[in-house]
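First structure 1, then structure 2: two forms of the same chain, each alone, as structure tokens.
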Structure 1
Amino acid sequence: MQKKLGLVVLLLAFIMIWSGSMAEAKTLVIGTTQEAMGLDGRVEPGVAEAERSNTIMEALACFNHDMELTPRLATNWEHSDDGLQITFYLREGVTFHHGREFVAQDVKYTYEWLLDPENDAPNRSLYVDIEEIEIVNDHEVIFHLNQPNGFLINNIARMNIVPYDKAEELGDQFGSQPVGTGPFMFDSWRRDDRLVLKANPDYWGGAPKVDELQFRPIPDDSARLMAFEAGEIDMFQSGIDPQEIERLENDPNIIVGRTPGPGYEYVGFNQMSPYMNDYRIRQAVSHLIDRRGIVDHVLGGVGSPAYSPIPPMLPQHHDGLEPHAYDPEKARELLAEAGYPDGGFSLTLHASEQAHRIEIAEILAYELGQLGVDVEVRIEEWGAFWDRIMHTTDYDMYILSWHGQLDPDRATHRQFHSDGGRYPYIYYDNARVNMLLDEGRVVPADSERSLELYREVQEILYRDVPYAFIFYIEEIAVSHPYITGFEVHPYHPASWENAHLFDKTN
């Protein structure tokens, strides 16, 4: 009898310990505005993809909340006096999730894959100044450049290092089952439902304070906010209905973080379109955008009217320009100059499902309709929208944004250089802009010449209107008070890369 009683006591004790450990397991749930296309930053470098993959994989450097470069997989780096070499000293004692040590060969493999024209790397143009990567030893690597590029280090800070063995083994499947050195490890992914990541107990930066990280895509802003207030998700950044911000800020049970972001929203014009290839029509559309009205009434005062791809926080920003004035009569004159005094043609305007984009699209369609231009607004699920502008020319206009424009090269080269890689969905080609942007990469970033070059680029873009800039983005995040260690990041893709420091105390 005593023996049986002892077994029962032991069993109860085991159950209590097991139940206690289960009760203490912490899952942090992050809401997002859209599903990711994939988790391999070499081929899917969008915001939705980066905010997830940056918790799994890491770059040589990263940006802190003050937008300063800080070490990550590299502990230090040095530029040669002639600007043609960057030496990286790699962090020792770092292991990939499959157990192998991180070494210089992984860095070499990642960038050589990126630079190989046979591979589908949309951001290749940002790295073409890398001529050769020399391995000194397992923890030292030298990037040899074919010309100086003062902005290259910023782009290196945005490219996560992949393990050469697993990347080769998985091939195209790497983006759906990624392996990295980051604080969280891939576990499972049910698309359009949730991505589940498990804590990496061996993370070099210290084991995460939560056991599991989940990303839940909820495209509808209202539904996402409802899920947050119901406690179904713990936090999210971006995609907050501006009309709700004042209420949220006055709620003691909600933490709202706000900070200016280095990005903007814009209308893009496909110059393969028979109408959008005329700069006068593009100018006309720009003069139909009431930017101040959109910021005040659609965005609830969040952000500010935009007119340049280079954000105001950068020294190369041209403060001698101002947004195109909302002026329907000027727009009518421009259409008449282009041969369409009464409109008489039709356009398509594509946007993804975010509420403010839908509203802006409808406003612009109405304004153009007043001038006799019929605009069909097509709202598409993110994947379909992205596929359209990435892989077809079946659109006239679209609404999209750029985040993280932390230097003038990043803010202009991919978007407006004719060799900008896969990203010029607008098919803009201006020889003078190409020349200025090429020179902009090689002159010192803090020189007077740099200011002159990018000032002229902005003046040309202001006239040509390949984009009609709408507003500069203000980053906003919400979280519950029981979440500690989180601060809204100006660079949205970096929002969760330090999620191992977040804790959940409820």
Structure 2
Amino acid sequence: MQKKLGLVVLLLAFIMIWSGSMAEAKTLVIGTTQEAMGLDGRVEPGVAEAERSNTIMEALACFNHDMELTPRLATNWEHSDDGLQITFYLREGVTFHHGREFVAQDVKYTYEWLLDPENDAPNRSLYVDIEEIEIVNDHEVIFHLNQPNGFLINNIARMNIVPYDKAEELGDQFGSQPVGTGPFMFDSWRRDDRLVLKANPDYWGGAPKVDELQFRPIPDDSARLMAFEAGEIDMFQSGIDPQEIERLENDPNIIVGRTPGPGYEYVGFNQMSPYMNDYRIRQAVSHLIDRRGIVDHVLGGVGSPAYSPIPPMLPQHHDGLEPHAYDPEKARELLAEAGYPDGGFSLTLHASEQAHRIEIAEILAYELGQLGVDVEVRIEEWGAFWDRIMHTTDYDMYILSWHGQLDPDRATHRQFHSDGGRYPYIYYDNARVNMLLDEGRVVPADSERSLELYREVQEILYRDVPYAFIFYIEEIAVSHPYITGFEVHPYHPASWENAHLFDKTN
């Protein structure tokens, strides 16, 4: 008898939960590929961290969907004529989640913390041109610079302002329970399970339309897509198996958003390698990459063939060039010129575990093999791969990407300047390029001279081939038709920073 009663209760419970799950508060669930390590952008510079923390905290400026700088916590800013001062006029009437008003002191605190070497901020080098921050009044600050830096403002747009009182109080725990001015407030976080954020009803840009925002990490690409299709998550960006894209785009119940992103993937050539320091061999490799074929077939059409480090959306992008053609015959000639008409040497090609990189590595190894060059492909786990290109010279070629190339300086200086780039992954050293890049940094970003300088850099790189550029990345996101107000953002970290405009209308 008791057993039967238990069964009935269980059945009732089932029914109650089934019906109960229908009516709940509006919760927007975003799936992600990776869990964040912490939510403090000052110490965790990764994309997984930034895409979350940017819904909680804000920077002085941000990028809109056309990758133009737009006001955020600052309503306006101006550069002085000598380029040594930037004045920010701060938005008034903005309050942090703990109730205090946002003031100039918060800006000063954030940047001084960042610049203090004791704090080990990994991105400190991006801000070292800031000499001093002067508070004019509660809503006006002046950044005094050591030297003109036309691109500093882009980095400022990447750094969220923390409230000085809470940041001091929480110390290194700030990243586990962040406080900001953003549209959503931190609520709870169980790692590898979910980050729960509550709507900030007092948000200066208008209260969010949903009550709650959740980030759910789902590491497996197929599982994430299935969870999305089953409606368990509302949207997610990147990490979609290329094979699925056509099907998804033809499905009327799924919205696929695509937009070119500021980055590219490339094959890097270690110039310390006796073979790869010959530009003809590098050119040969570049001519063996069927960029169109790779984009259309390996990547499911997402991306576009690349030929320069400065992405097409930036004004300094050189549009008078075109990708090195796929031409095995020309590659053979180039190898012959370099003294290897029948190949006869071997190279190593390293890549981390992303599926498309393994595929590109296999393609390249096959193509080079056809010319008698023996390529040993080594797919390594990310930590080992990163360690290799950071701390050793034990590699000939590797496949990697650069993301977030928000300005021509970020897209070239670290990569191709012989001592400006701190990690010489490829040990490239070209006096002319060094000179051009140095000058590019100090001339105004919107000047004619800036265009000229970077044009020449791109032409040199095109001939010299320190990298063989493969494709410009394209951001891709999927959402359900009942989600409104969402448009895929070209800069992944900024994807959800306007989540207060998203709504769930079912």
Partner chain sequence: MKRILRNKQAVAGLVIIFIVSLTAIIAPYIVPNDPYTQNIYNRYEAPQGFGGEYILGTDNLGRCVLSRIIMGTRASLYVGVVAVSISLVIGVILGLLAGYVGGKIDELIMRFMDLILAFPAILLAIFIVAVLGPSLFNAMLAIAIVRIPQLARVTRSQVLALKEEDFVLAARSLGASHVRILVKHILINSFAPLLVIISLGMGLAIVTEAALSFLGLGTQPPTISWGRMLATARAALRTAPHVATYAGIAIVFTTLGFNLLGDGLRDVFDPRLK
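Numbers given to residues start at 1 and step along the sequence of structure 1. Rigid core (definition): largest C-alpha set, two forms, superposition within 1.5 Å. Predicted model, so just to flag it, every value in this text is computed and none were measured.
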query	finding
Panel number for the form predicted alone	1
C-alpha of Gln105 moved at least 2 Å between structures 1 and 2 on rigid core	no
Rigid core fit then Glu448 CA moved by 2 Å or more between structures 1 and 2	yes
Rigid-body rotation of the smaller part between structures 1 and 2, in degrees	25
Between structures 1 and 2, C-alpha offset at Leu288 (rigid core aligned, Å)	9.2
Cα displacement of Pro311 between structures 1 and 2, once the rigid core is superposed (Å)	2.7
